[in-house]
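A single chain comes next, written as structure tokens; it is the form predicted on its own.
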């Protein structure tokens, strides 16, 4: 069957960060040093080759980019400095764009101006909405209660509405990913029960990201620090997201501290602060291969997260120390960053939270399907049984 080739695929991927693909001459060193490549999923060499050949449809349906955690070993070992690890990262950005049913992700990844201006405009609209409410109700001198500058119950309803819309978009994008990778990318139909058999892979990889911990086999200690920091950042973000979406009225009570909710907020803040400053420092000093290059969306991601964390902590301090005006002003600044941040979630780096565990799950399903097919063939062909 004929395969359509896209001769401008590399040119398009360059806008997602894959600047050195042409340097690769397929020696295979990258796949040789990768601890995660196997007989079914070979990378990064396979993806590099498909990209050079313009096999857009093959990459559309591939899981390999998501099975890479970009430890940087492949880029360190590359004799041509083709940076295969960064190419895999760019392919993940490209795939987020391909899964996205709205087309917004591609606009952000291809143009930093579009993303930055979207953040600014949404932040200003958030401020106008809050100040408009203040003109008719609420006092700048009140933080909590019915007369508050920004009452928690109104912000909570807005959070739920926004979260519901974003959840639906992420679900539809995830279904699109499944359609591409498991229906179009699969060699044969997969029985439904194999999806159930492998279902535990989904929460396992979401909550532990254990594959990242296995990246470096030559590490001297038993812990891989980038994995620890990455896990802390992820847990901090997820914890804070749950607190804001579900327990916001308890967080806004005060000025006394409501420990059952705030203790989780403090732990989440520690994880976020540690992760944010670790990644900013790493991208500035570029000590490791995975930080040698930074796409514009990487910087927008980490800067916004830093602003969210810092303004959230300051608002909490001002509120608990009896400075309502400072607390309300800081809260407004906080929301001006939070709203565009949340609106970007399905179209940015944070979409990894959904797509990567799904890819691990789908990969496990594929492997189980292959083993099942092989066993079934042997049962129908006794001559294939080992002697």
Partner chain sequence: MKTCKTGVYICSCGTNIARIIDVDAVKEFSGSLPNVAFARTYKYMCSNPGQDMIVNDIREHNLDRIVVAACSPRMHERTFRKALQSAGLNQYLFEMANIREQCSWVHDDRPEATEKAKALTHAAIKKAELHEPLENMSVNMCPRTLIIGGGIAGMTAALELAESGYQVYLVEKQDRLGGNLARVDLTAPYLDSAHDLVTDRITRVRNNKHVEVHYQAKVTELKGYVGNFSAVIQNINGHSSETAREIEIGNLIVCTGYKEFDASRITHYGYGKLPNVITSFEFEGMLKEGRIVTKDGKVPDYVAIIHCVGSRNQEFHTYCSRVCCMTALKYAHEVKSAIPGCYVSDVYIDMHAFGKGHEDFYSRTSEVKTLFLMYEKNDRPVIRKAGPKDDCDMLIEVNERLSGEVIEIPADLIILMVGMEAQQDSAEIARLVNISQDKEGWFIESHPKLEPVATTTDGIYIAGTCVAPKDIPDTVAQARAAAARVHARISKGKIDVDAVYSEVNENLCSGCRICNTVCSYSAIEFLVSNQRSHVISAMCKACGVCVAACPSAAIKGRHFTDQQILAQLEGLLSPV
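Computed from a predicted model, the values in this text were never measured in an experiment. Positions refer to the first chain, counted from 1.
What follows is about the form predicted together with the partner chain, which we do not show.
By the 4.5 Å heavy atom rule, the three marked residues 19, 58 and 80 all count as contacting the partner chain in the model of the complex. 49 is the sole member of 352, 320, 42, 49 with a non-hydrogen atom within 4.5 Å of the partner chain in the model of the complex. In the model of the complex, the partner chain stays beyond 4.5 Å of every heavy atom belonging to residue 326. Using a 4.5 angstroms threshold between heavy atoms, residue 36 stays clear of the partner chain in the model of the complex.
Proximity of residue 32 to the partner chain in the model of the complex falls outside the 4.5 Å heavy atom cutoff. Put simply, residue 373 is far from the partner chain in the model of the complex: not one heavy atom of it is within 4.5 Å. Screening 353-361, 337-345, 49-57, 63-71 for residues having heavy atoms within 4.5 Å of the partner chain in the model of the complex returns a single hit, 49-57.
Scanning 7-42 for heavy atoms within 4.5 Å of the partner chain in the model of the complex gives 7, 8, 14, 19, 22, 23, 25, 26 in sequence order.
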